[in-house]
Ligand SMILES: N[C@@H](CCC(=O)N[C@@H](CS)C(=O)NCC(=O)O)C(=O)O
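What follows is a single chain, given as structure tokens, in the form predicted on its own.
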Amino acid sequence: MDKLNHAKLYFIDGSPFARLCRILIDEWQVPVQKEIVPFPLPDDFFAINPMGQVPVLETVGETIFPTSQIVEQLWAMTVETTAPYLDPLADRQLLTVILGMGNFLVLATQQARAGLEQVGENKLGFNPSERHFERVQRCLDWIEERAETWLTGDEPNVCDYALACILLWSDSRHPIEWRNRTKIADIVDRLQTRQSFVDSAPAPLK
């Protein structure tokens, strides 16, 4: 019971990964406090998470990250729920792909917004930012092919929430083409009007 009463989620307003966890807390009615932290994260946040990232979930005696581990912990803390979860095992692979796609998208977007340009000889043979955006499109194609069997249930699961959080983040920060994939677009459209999404919508960029 102490673990339930003293859990805290650290988040940044704009993080799609933290938004996923905030939405799950609300949808699953898990008793977790939410504490916003500034962006960019202060140096002392590395004492909480050595990767210098959010989300981070603190419970009694535990500091839990990355996002996939927090999702598992939130489910374990849920006393009663009828929400679909990550079963069978293939859904965990799907969640890994969706979160990985989100990482590619965030990295490429941050590079673009930071105005970073090539300053020396490119010994890789490709532009990392462009490669990340290509990975995102390839992942979306892969997800769209599997959406009919994995992501179109009567009730949303973690993968639905994660996919919507990442693509809606893109719309608010660095729009990419994704609505041409009709199954994915239907999933996002069904979710974005839920109260948990409305309450966690990121503030517009200044």
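One-based numbering along the sequence shown. Keep in mind that what you see is a predicted model, and the values were worked out from it rather than measured.
What comes next is about the form predicted in complex with the ligand, which does not appear here.
Among heavy atoms of Val54, some come within 4.5 Å of the ligand in the model of the complex. Interface membership of Pro156, defined by any non-hydrogen atom within 4.5 Å of the ligand in the model of the complex, is ruled out.
The ligand in the model of the complex is approached by Phe39, whose closest heavy atom lies within 4.5 angstroms of it. Taking the partner from elsewhere, Asn103 is found to have a heavy atom lying within 4.5 Å of the ligand in the model of the complex.
With the partner omitted here, the stretch from 63-71, 176-184, 135-143, 156-164 that lies within 4.5 Å of the ligand by heavy atoms in the model of the complex is 63-71.
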